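One chain is shown next in structure tokens, namely the form predicted on its own.
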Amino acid sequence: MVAIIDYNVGNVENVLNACKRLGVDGKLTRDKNEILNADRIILPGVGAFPVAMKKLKEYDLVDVLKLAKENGKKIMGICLGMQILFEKGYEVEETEGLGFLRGYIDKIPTNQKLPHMGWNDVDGDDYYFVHSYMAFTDEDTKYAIYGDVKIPAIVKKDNVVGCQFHPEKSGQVGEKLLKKWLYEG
């Protein structure tokens, strides 16, 4: 079972549907035991960094996620879910993140239109992006280019991976990436 963290910050139906299409039992949950016993954990998200962290704390999910990470569970953050995997965010106000990945989140430093929305190349495949904030990190990273900015698109460390884009909205290439993570890690 794949635990899709339910903390009221969006895009869960698309993630659930992607799991179903890939033949994986995805379950929307905030139950501690279900999360800790899941094969994989997906942290979705759409919205603002401080709201997401407030919701995780409100539902008492921060310590559960930290324990799952320490226990070696495979965790994937998507869009805002990726951003809160980092140490800190500066959207609206300075907010502590989960700290699973080194670095911080701040506004994309560009003169291009924000949000960065639409299809963009990452390592030879096009994925769907919608965001105005990005990671600043030295972790293992694959990038997308937006104007003159290198945006961390996939960030990985040990059992944690973050996708700034939406693989669940990225057609066959997104499903291929999800399938690889779901079945191979």
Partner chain sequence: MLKKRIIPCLDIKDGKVVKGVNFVNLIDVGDPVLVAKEYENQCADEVVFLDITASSDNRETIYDLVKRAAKELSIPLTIGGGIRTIEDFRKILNCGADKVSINTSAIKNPNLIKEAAEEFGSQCVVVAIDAKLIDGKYKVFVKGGREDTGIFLEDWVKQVSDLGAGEILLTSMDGDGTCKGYDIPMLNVVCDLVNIPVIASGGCGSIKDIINCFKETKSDAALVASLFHFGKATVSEVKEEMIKNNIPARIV
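Positions refer to the first chain, counted from 1. As the structure is a computational prediction, the values presented were derived from the model and not from experiment.
The following text describes the form predicted together with its partner chain, which does not appear among the structures shown.
Q: Should residue 59 be counted as a contact of its partner chain in the predicted bound form, where contact means heavy atoms within 4.5 Å?
A: Judged by the heavy-atom cut-off of 4.5 Å, residue 59 is well away from its partner chain in the predicted bound form.
Q: May I ask you to check whether residue 113 falls inside a 4.5 Å heavy atom distance of its partner chain in the predicted bound form?
A: Result yes; residue 113 sits at the interface with its partner chain in the predicted bound form.
Q: Residue 154 versus its partner chain, in the predicted bound form: is there a non-hydrogen atom within 4.5 Å?
A: It does not: once its partner chain is placed as it appears in the predicted bound form, residue 154 has no heavy atom within 4.5 Å of it.
Q: Against its partner chain in the predicted bound form, would residue 126 count as a contact residue? Criterion: heavy atoms within 4.5 Å.
A: Residue 126: yes, in contact with its partner chain in the predicted bound form.
Q: May I ask whether 37, 159 and 176 all come within 4.5 angstroms of its partner chain in the predicted bound form, judged by heavy atoms?
A: The answer is no: none of the three residues contacts the partner (heavy atom, 4.5 Å cut-off).
Q: Enumerate the residues of 1-27 that have a non-hydrogen atom within 4.5 Å of its partner chain in the predicted bound form, in sequence order, or give none.
A: Going through 1-27 in order - heavy atoms within 4.5 Å of its partner chain in the predicted bound form - the hits are 11, 14, 17, 21.
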